[in-house]
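Starting off, we have a lone chain in the form predicted on its own, written out as structure tokens.
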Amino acid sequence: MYQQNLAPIPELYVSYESAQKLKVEAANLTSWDLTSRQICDLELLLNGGFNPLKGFLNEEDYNGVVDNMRLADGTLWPMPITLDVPESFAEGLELGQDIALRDQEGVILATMTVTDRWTPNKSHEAEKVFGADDDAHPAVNYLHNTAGKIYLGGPVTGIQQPVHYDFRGSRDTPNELRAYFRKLGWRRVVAFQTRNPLHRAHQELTFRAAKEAEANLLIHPVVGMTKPGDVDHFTRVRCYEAVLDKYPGSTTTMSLLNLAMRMAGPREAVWHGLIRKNHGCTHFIVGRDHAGPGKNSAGEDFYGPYDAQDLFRTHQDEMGIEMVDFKHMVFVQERAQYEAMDEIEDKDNVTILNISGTELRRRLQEGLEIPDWFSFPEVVKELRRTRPPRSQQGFTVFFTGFSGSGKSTIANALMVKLMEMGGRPVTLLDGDIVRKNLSSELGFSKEHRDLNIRRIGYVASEITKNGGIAICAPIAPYAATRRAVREEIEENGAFVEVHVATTLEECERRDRKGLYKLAREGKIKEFTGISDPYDVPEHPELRVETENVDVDNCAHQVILKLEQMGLIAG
């Protein structure tokens, strides 16, 4: 049974000679610039990681995958792999036409024959694939707020692999891994999927899994796209490299997988299993709440802790890869060792220690001790390098509220107070300043206002990344845009949303710039609060009332909040 896992699998690349010829021909085709997620998908389509897929799903396959996890011919495949594009691009295409797929630098990676074009029912896709049409799920949010409206389907022809400049020696295609296993005589290989740094519990668990399956171990971390807010892959790979020395070299190897995760829990686990089978593995470790995205809008987990294992078990014979279930490992102080929680018989008489992911983040943020029993000193050192304590990180304070609510005034006061404290450079990105310097060509349509906020977010994220403080004070009426900016900034530091909750009546009464009067007379179209909606923030870090409160006090409330969050030293 295990030998087929080492035979080469089909790739979708053409030979070098054909590729040179195709490149010249493809230069004249209509071209689509791939998004980051589409590049990840394309790479795994081309190198056989998504075998048996021959391209982006056509409509019939898509419907089968969404509704019952099967392609039209009955093959098991749980995840829709689609090329999403905006209507404006799709309108210009004929069915049967070839298009060139380019990376973000404009390099042609592949061509695609567009056989299908359709408008998917995204709410239905969300319900079926992710279990709920709930924007709290990162992939559902992506589906509705980032992905294009139209899906294109059709076979792809690979011209060249996407380029990676980092960790080149650790990236392997399915056929490269299969050849490596063949060369070393590894018949049985258990894969461990992870998107987090490895600590001692993971090491214990992977050791056990390999022993249980009598197999060699492949540590196979995802370095494509994971969940917003995860530790970046550069830091993680440096952590993995530090831990690899703790494993016996003859039985363990590590390879990086350029996958764009969807955090789809049970379906994702089956998908991960099929991808690992394509990479030559015979066993796969499935965790508790495998690839779960956390809490839904109601504050409950999206998936039950064992849903993923149950779905995998149902399909494992057909998939041709065996599940090794992940035990919950905890540290038993009296015996100074890790044990599986459900195998400890004297639970009541021993001290059981465990640090959750949330607790680890808190300790890193506040610069607190992380005990040796929990992680390796090399890993902790690496994490501390990337994540200094919060009081030394950059952050963004994002004021939102109606025009004339007092955002700019409070933002100015806050800026002066932070400058008085010193220690980090402070930049104020006020609505009017930004419109003069960054967005002078933009008008006030919904699209342009959105673009303006995205630009502010981009500049703030760069300031935050470099350890400075950005203070933004746009109106920012749309919740979806504010969320996108939050996600962009939280990759680099804290995002503090401050809702300046002055009522519309009060803003109109103040009307310092005379804009409300013009809006009421219909001279300004799409004016927030009058002829355009304002989404009140549901869970801002702080809400300030400005009526009968002086500016200094409002700014001071923000300072107290920053102190409470550990962003400025008390």
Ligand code: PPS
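Position 1 is the first residue in the sequence shown; the rest follow in order. For clarity, a rigid core is taken as the largest C-alpha set superposing within 1.5 Å between two forms. Only a predicted model underlies this, so the values are computations on that prediction, with no experimental measurement involved.
Here the subject shifts to the form predicted together with the ligand, a form of this protein not shown in this document.
K.L.:
Among 176-184, 473-481, 336-344, 88-96, which stretch sits within 4.5 Å of the ligand in the predicted bound form, heavy atoms only?
P.N.:
Result of the contact check: 473-481.
K.L.:
Although the partner isn't part of this model, could you tell me whether R520 comes within 4.5 Å of the ligand in the predicted bound form, counting any heavy atom of the residue?
P.N.:
R520: no, not in contact with the ligand in the predicted bound form.
K.L.:
In the predicted bound form, is there a heavy atom of the ligand that lies within 4.5 Å of any heavy atom of H279, even though the partner is absent here?
P.N.:
Result no; H279 lies far from the ligand in the predicted bound form.
K.L.:
How about G431: is it within 4.5 Å of the ligand in the predicted bound form, going by heavy atoms?
P.N.:
Within the cut-off, so yes.
K.L.:
When the contact criterion is heavy atoms within 4.5 Å, does T252 count as touching the ligand in the predicted bound form?
P.N.:
T252: no contact with the ligand in the predicted bound form.
K.L.:
Any chance S403, L515 and E526 all have a heavy atom within 4.5 Å of the ligand in the predicted bound form?
P.N.:
Each of the three qualifies.
K.L.:
Answer with one of R102, R486, K128, R449: the residue that has a non-hydrogen atom within 4.5 Å of the ligand in the predicted bound form.
P.N.:
Selected option: R449.
K.L.:
If you check F444, W118, F234, Y306 against the ligand in the predicted bound form, which one has a heavy atom within 4.5 Å?
P.N.:
For this set of options, the contacting one is F444.
K.L.:
Under a superposition restricted to the rigid core, does K446 display a Cα displacement of 2 angstroms or more between the shown form and the other one?
P.N.:
Yes, K446 moves 2 Å or more.
K.L.:
Given a superposition on the rigid core, I'd like a yes or no on whether C472 shifts its C-alpha by 2 Å or more between the shown form and the other one.
P.N.:
Yes.
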